[in-house]
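Form predicted alone, single chain, as C-alpha cells, below.
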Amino acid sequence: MIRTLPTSRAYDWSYTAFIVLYFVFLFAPLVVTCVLAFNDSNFPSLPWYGFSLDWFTSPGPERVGIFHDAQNLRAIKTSFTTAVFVSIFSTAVGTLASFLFEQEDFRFKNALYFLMLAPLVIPGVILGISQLLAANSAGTFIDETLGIDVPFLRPSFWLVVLGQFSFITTFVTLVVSARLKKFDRSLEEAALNLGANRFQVIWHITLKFLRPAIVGAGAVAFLMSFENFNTTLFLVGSEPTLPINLYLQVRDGSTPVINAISLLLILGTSLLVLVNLSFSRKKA
C-alpha cells in the first residue's frame, strides 16, 4: 500500500477493524487468564465470583497459593536452572559457531550449515523421541559393554539440558551470525597494526560489537528453554519442568493457581524483554 494515495472511508474502517480484531485475538486469552488469577473460585474458569488473592498467598489447607505451593515452586526452580544452563551453553557454542561459519576458507561450510539448521525443521516431538532413543541406546551399550552406568543418558535433568541445547544453539548462531555479517573487518586490521594480539582484538573489538546480539540471543535462549514442552516431555525425569507440571495439573484438574503462575510468567517475561530492549538501545 502506498501511504500517499487517497483511501476511502470503507478502507479506513476495515483497516482499523482488522488491527483491533487482530490484537484482541492475540491478547484476549492472556487478559482472561490474568484476570482469573484473582477469581474467588476453586476452578480456573468463569464465572467470576469476586476478587481474591488466595491463589497467590493462601497457605492452605483448603486453598494453596503459588507462594506456598511446594510442587509448583520446585518446577519453577527446575525450569529456571535448566534455562540458565541451556542459555549459557547455547550462547557460548552458538557464538563460536557464528565465528566458524564466517570463515571463508572453512571446508564443508555449506553442508555443516545445512545440518545446523536441521533441528529447526524437525518437529519437537520427533526431536525429543529421537534424543530419548539415542540416549537410552548409548546408555545401554555402555552399561553392557563397560559395566558403567551413565545417569545423564537416562531421562533426567541433564538429558533435558542436552536435548534443549541441541536445537536452541541454532537460534543463537543465527542471531549472532546476522550481527557478525555487519562487522567491519578493517577495525580488526587496524587493531592488529597498532600492536594488539588476536585475543585482544576479539575481546575488545569483535565481542564488544557483538555484545547486543549475544545478550539478546542469550535472553531468547533462556525463554525458549523455560517454556519448552515438546522436546522436554520425552526427556524429563523425576524433576518435571514448569510446562510439564502445568500440563499434568490441567490434565488431571487444577485450581486457579495455574492462572496465578501464568500471570507471574507473563510479568517476568515482559520484564526480561523490556530489560533486553533497553540494553540493546543503550548499546546502539
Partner chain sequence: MKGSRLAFAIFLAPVAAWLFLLIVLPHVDLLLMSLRGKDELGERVWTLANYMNFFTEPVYWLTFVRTALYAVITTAITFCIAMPVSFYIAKVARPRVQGALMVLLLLPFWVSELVRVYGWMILLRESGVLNFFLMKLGLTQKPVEMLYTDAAMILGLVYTSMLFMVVPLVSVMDSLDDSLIEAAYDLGAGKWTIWRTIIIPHCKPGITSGAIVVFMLTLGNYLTPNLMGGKNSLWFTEQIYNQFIASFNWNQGSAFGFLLLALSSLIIWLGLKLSRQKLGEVAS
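Remember, predicted model here, so these are calculated numbers, not experimental data. Residue numbers count along the first chain shown, from 1. Think of the rigid core as the biggest set of C-alphas that the two forms share within 1.5 Å after superposition.
Just so it is clear, the following notes concern the form predicted in complex with the partner chain, a form of the same protein that is not shown.
- Contact check for R198: a non-hydrogen atom falls within 4.5 Å of the partner chain in the predicted bound form.
- Mapping the unseen interface onto this chain, F106 counts among the residues with a heavy atom inside 4.5 Å of the partner chain in the predicted bound form.
- When contacts are judged by a 4.5 Å heavy atom cut-off, G218 does not count as touching the partner chain in the predicted bound form.
- When contacts are judged by a 4.5 Å heavy atom cut-off, P47 counts as touching the partner chain in the predicted bound form.
- Of the candidate stretches 205 to 213, 142 to 150, 68 to 76, 91 to 99, only 91 to 99 has residues with heavy atoms within 4.5 Å of the partner chain in the predicted bound form.
- Taking a 4.5 Å heavy atom cutoff to the partner chain in the predicted bound form, the contacting residues in 17 to 49 are F18, I19, Y22, F23, F25, L26, F27, A28, P29, L30, V32, T33, L36, P44, S45, L46, P47.
- G195 is among the residues whose C-alpha shifts by 2 Å or more between this form and the one not shown once the rigid core is aligned.
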